[in-house]
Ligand code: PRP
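Single chain ahead, written as structure tokens, the form predicted alone.
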């Protein structure tokens, strides 16, 4: 059983939101974000949830506004902050990919790679570790337009189904990393409430594996 007192959890807006809410509901933790509200409490009063922009989620957890957060490895890596990972979720998996115009060749070793991406830290570190020189143009949205309009030859972006790439006559050239979703915890928060958090993780893992 979880102890009394609210556990604060930040959830990302968008594709993960409903999947995470479904998992919690399967474990008996029900909550709803009503109207345009960005906070919600579970029906049992033990949890308070915050709905935040995906890229902002690590900031809320780092500063202790939310003790727990759920987000992908891509966001965690870009944040540059180390968190305690307490659980890997079975939803939201995707791939970080290098993509370009259909039929484009894989970049040649030693040739400078010019890419558009919002994942600038990930892309830079990945290719620098390979010894591949890289120039990155940061874009925060519609990166698929970059090779279509000739801004760059390639993009580094998350790919889930690939339908947006196909619609813009682009294709995956290389898969850089399989991206998973994790439950993370502020280290100080975990020290104070580890028993409750461990109990929550056990509950969710049971629900995720069909034992809830």
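Model, not experiment: these values are computed from the prediction. Positions refer to the first chain, counted from 1.
If you look for the form predicted in complex with the ligand, you will not find it shown, but the lines that follow are about it.
Undergrad: Please pick out the stretch from 161-169, 41-49, 178-186, 23-31 that is in contact with the ligand in the predicted complex, where contact means heavy atoms within 4.5 Å.
TA: Residues of 161-169 come within 4.5 Å of the partner.
Undergrad: Could you spot which one of 90, 132, 81, 142 gets a heavy atom to within 4.5 Å of the ligand in the predicted complex?
TA: When the ligand is considered in the predicted complex, the option within 4.5 Å is 142.
Undergrad: My question is simply whether residue 114 lines the interface with the ligand in the predicted complex - judged by any non-hydrogen atom within 4.5 Å.
TA: Residue 114: no contact with the ligand in the predicted complex.
Undergrad: Do any residues of 15-29 have a non-hydrogen atom within 4.5 angstroms of the ligand in the predicted complex? If so, which ones, in sequence order?
TA: Residue within 4.5 Å: 15, and no other.
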